[in-house]
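First comes one chain, alone, set out as structure tokens in the form predicted alone.
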Amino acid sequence: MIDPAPSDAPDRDFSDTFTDLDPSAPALTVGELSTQRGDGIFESIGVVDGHPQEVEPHLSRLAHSAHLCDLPAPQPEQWRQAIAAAAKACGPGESVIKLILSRGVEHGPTPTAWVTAAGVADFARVRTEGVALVTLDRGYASDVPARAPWLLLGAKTLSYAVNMAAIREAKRRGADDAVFVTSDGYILEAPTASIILRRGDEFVTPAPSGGILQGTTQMSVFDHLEAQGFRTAYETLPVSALTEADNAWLVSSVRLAAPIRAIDGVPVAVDTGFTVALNEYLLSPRD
């Protein structure tokens, strides 16, 4: 658990603000708004052999989500130290560190914050064989994020019931995962991942201005591709772009790069060699 420091608190040793808890023991009060209303934000940081990946992009996105949700801004150095402490509990191989910042108890004086570390599932098969997706209507048009910012589109909140329902619906339809689309026919994102499409030597992803949670892994992949001489772009992409692409991937901090092999039953070519290279990069230490 973290006793949150004010965002403008001077950098120092924050270890006295951390309390280690038994993960099997009670930790939250009955009035905690994260569990009652999903009123909070979070980040999931991939860890490879004890090294937390892309800490700064995750902290930047945590601060952005806090701003959108009217939560107190996190003190960055405090959270860096909490991440480093959690990473020491991670063994070899792949793990995940989760950062959670909640509004706390109703009418409470301070928010609630905590960090967890845990192992992850084996994604080797998904990274090689790929995933089949179905498109699901997210229920709003592409201009809604600008017209209704109170919907918190683009914030990584704890309110993930819709995201989980979408994955269950995809499985009911015989697929592995889903991709959300707007009611006027534009691609958004998967429930727990970003989408990257390849068109020749250019790689594109939906523009984050459409209420999309911009992916830290997607940004890292784009940096890597640009360094190799490929073009990258953010675009407003129609649904038809999914099946017109040469190749496509879901990318996220824990699953990494999973090739998309079919969308709504239409096969998509899988470039196995390129996917292996992407995941080798994503499994390398990245700050």
Ligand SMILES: Cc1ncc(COP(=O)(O)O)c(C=O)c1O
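If you're wondering where the values come from, they're calculated on a predicted model, not measured in any experiment. In this text, residue numbers run from 1 along the sequence as written.
What comes next is about the form predicted in complex with the named molecule, which does not appear here.
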inquiry  = At 4.5 Å between heavy atoms, is residue 190 in contact with the named molecule in the model of the complex?
reply    = yes
ask   = Might residue 252 be said to contact the named molecule in the model of the complex, defining contact as any heavy atom within 4.5 Å?
value = yes
key: residue 78: touches the named molecule in the model of the complex, heavy atom cutoff 4.5 angstroms   = no
query = Contact between residue 213 and the named molecule in the model of the complex at 4.5 Å, heavy atoms?
reply = yes
request  = Look at the stretches 258 to 266, 54 to 62, 26 to 34, 236 to 244 and give the one with heavy atoms within 4.5 Å of the named molecule in the model of the complex.
outcome  = 54 to 62
inquiry  = Is it the case in the model of the complex that 160, 163 and 217 each bring at least one heavy atom within 4.5 Å of the named molecule?
reply    = yes
inquiry  = Can you pick out, from 194, 95, 112, 182, the residue that has a heavy atom within 4.5 Å of the named molecule in the model of the complex?
reply    = 194
